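A single chain, nothing else alongside it, follows as C-alpha cells in the form predicted on its own.
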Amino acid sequence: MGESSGRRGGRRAARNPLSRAEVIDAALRYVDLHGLDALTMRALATEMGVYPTALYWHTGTKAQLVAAVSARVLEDIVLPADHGMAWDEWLTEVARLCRQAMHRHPNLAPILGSQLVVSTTAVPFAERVVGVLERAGFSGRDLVEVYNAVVGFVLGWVTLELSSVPADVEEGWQKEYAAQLRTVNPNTFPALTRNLSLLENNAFLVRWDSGRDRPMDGSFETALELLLLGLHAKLTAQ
C-alpha cells in the first residue's frame, strides 16, 4: 500500500511539514462545517491527519487557536484605502464588509462579538479604524467612546442577527412559538399586537429564523445610518 495522503484516516507525510497557516485554515473550515462547539484539538488533528501535539506546537491552546481563526476572518477583509474617501463613507464600507465576512462564517459570530481575543492579530484592523476616526475629528475620550460604538455596533449587531437556536431545542419549536406569539393578549400588548404582522419573524425578540437564513439587510442599513447620523451630530456639537 502507498503512503497516507495526509487526510482523515492517516497521518500526514513527514516530508510535508505542517504550517501555522494550514492549521488555522483547517480550523476555520472545520468550524464552518461542524460548528464551534465541535472543534477540539483532537478532532481537528484527526481531520488533518496529524497528531494533536502538532497543532499545539503551531497554535498553542484551543483558546489561542480560536482567537487565531477569528482574527483570520478579520484579516480576510480587504479594507478600502483611507485616503481619498470621506470618513463616513469609509466606515460605511467597512461595516458592510465586516458583516459580509461574518455572514460567510456565521459559526464564529459568537466569538467575534462576545469574547475577548487572546492575541494581537486584530491590531491592524483597530489601527485603521482609529486612524479614520482621528481624521474625522475625534480625539481624547471621545475617540475611545466613538471607536467602541463603531466596533461594538458592527460586531454586536451582526452577532445578534446571526444568533442561532441551541442544539438541544426540540424540532418544530418555530411553529409553536409563532402560534403563541399570535395569541398574545392585545390588551396587555397593544403596540405589539397592532404591528405583529410587520414584526413577526422580522424583528429581534419576535423572530424564529436566524439571520443566517433570513438576513436583516434593511434593518442593518437603518442602524448604520443612525450610527453615522449620531457621529456627525457629535462632531457638530464639539
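Numbers follow the displayed sequence, beginning with 1. As the structure is a prediction and not an experimental result, all values here were calculated from the model. The term rigid core refers to the maximal set of C-alpha atoms that superpose within 1.5 Å between the two forms.
Beyond what is shown, the protein has a form predicted in complex with the DNA; the following relates to that form.
Chemist: Counting only non-hydrogen atoms and a 4.5 angstroms cut-off, does residue 203 reach the DNA in the predicted bound form?
Modeler: Although the DNA is absent here, residue 203 would stay clear of it in the predicted bound form, with no heavy atoms inside 4.5 Å.
Chemist: So in the predicted bound form, does any heavy atom of residue 187 sit within 4.5 Å of the DNA?
Modeler: Flag for residue 187 set to no.
Chemist: Looking in the predicted bound form, any heavy atom of residue 29 within 4.5 Å of the DNA?
Modeler: Output for residue 29 is no: heavy atoms all beyond 4.5 Å of the DNA.
Chemist: How about residue 175 - does it come within 4.5 Å of the DNA in the predicted bound form, if we only consider non-hydrogen atoms?
Modeler: Contact check for residue 175: no, nothing within 4.5 Å of the DNA in the predicted bound form.
Chemist: Just one of 32-40, 176-184, 209-217, 194-202 has heavy atoms within 4.5 Å of the DNA in the predicted bound form; which?
Modeler: That would be stretch 32-40.
Chemist: Between 60-98 and the DNA in the predicted bound form, list the residues on our side with a heavy atom within 4.5 Å.
Modeler: The stretch touches the partner through 61, 62.
Chemist: Core-aligned, is the CA shift for residue 187 between this form and the one not shown 2 angstroms or more?
Modeler: Where the cores coincide, residue 187 shows only a C-alpha shift between this form and the one not shown that is less than 2 Å.
Chemist: Return yes or no for residue 212: a CA shift of at least 2 Å between this form and the one not shown, with the rigid core superposed?
Modeler: No, the C-alpha moves less than 2 Å.
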